[in-house]
Ligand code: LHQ
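Next up is one chain by itself, shown in structure tokens, the form predicted alone.
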Amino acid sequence: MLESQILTSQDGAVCTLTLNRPAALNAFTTAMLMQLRNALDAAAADDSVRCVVITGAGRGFCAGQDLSDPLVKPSMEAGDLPKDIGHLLDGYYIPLAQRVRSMPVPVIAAVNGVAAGAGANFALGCDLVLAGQSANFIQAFSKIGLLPDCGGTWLLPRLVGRARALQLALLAEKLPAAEAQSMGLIYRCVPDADLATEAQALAQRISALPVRAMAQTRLAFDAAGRMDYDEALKLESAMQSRLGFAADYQEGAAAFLQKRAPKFTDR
């Protein structure tokens, strides 16, 4: 039986997914990528889940792709053809990145230790990124003759601008969590000892809020990046119209007028 490389737990409305290859700093294998996508699918289909936290077991979040995985491991035999890494992206990374960006609930990355390569960009593709003080982010691709993947070429320039994105991608230097926060790459850097508690507290807080509106906000931001101003205004109108008919708006507006705490239920 295949050992679980993704651990799942739930506390109230918060589902936590833990990357579980600590001896390998949670480096991705094809099996792990499949299990992670399946776990996200399960959370998306579970109406009791209103927020997802993703973190890593042990002393690292994710060291990126495991280069010993048969799909990408280069042959050491003379005359053997190179592996087509595009197959790995098409079959595993693209569906995973798209799954995160289409989740019906907010997704938080709680980054402990190293987040390198695809592991860094997977974290950055989440809605909010918390990182421990000892965490660092490394765009390690140039060290092995590749370019940022798992959404990195789209995410990095939008998060920190072209100049800093190229600095991160070309030089492949470690970026400490505190500096990542100061340049706007991540939401927040916290003491290592507080990371799990802070991530769970944030997730519990989010789970009590109108998560459908939050997920729609993510979709609107992503779509607006491909539009001009007038198109974005029209998209806002169309999406706001749909949200206005939903129970959460009716509840939120009524609670505001009645000066009581709202109870949101849409998803």
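Quick note: we count residues from 1 along the sequence shown, nothing fancier. Treat the numbers as computed from the prediction; the structure is a model and nothing was measured.
Another form, the form predicted in complex with the named molecule, is not on view; read the next lines as being about it.
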Check all three, Leu25, Leu89 and Asp149, heavy atom within 4.5 Å of the named molecule in the predicted bound form: yes
Segment that reaches the named molecule in the predicted bound form - one of 208-216, 47-55, 62-70, 230-238, heavy atoms within 4.5 Å: 62-70
Answer option from Leu175, Leu156, Val190, Ala140, heavy atom within 4.5 Å of the named molecule in the predicted bound form: Ala140
Check each of Ala180, Ala116, Ala110, Val107 and return the one that places a heavy atom within 4.5 angstroms of the named molecule in the predicted bound form. Ala116
Indicate whether the named molecule has at least one heavy atom within 4.5 Å of a heavy atom of Leu170 in the predicted bound form. no
With a 4.5 Å heavy atom cut-off, would you call Ile85 a contact of the named molecule in the predicted bound form? yes
Does Ala163 reach the named molecule in the predicted bound form if we count a contact as any heavy atom within 4.5 Å? no
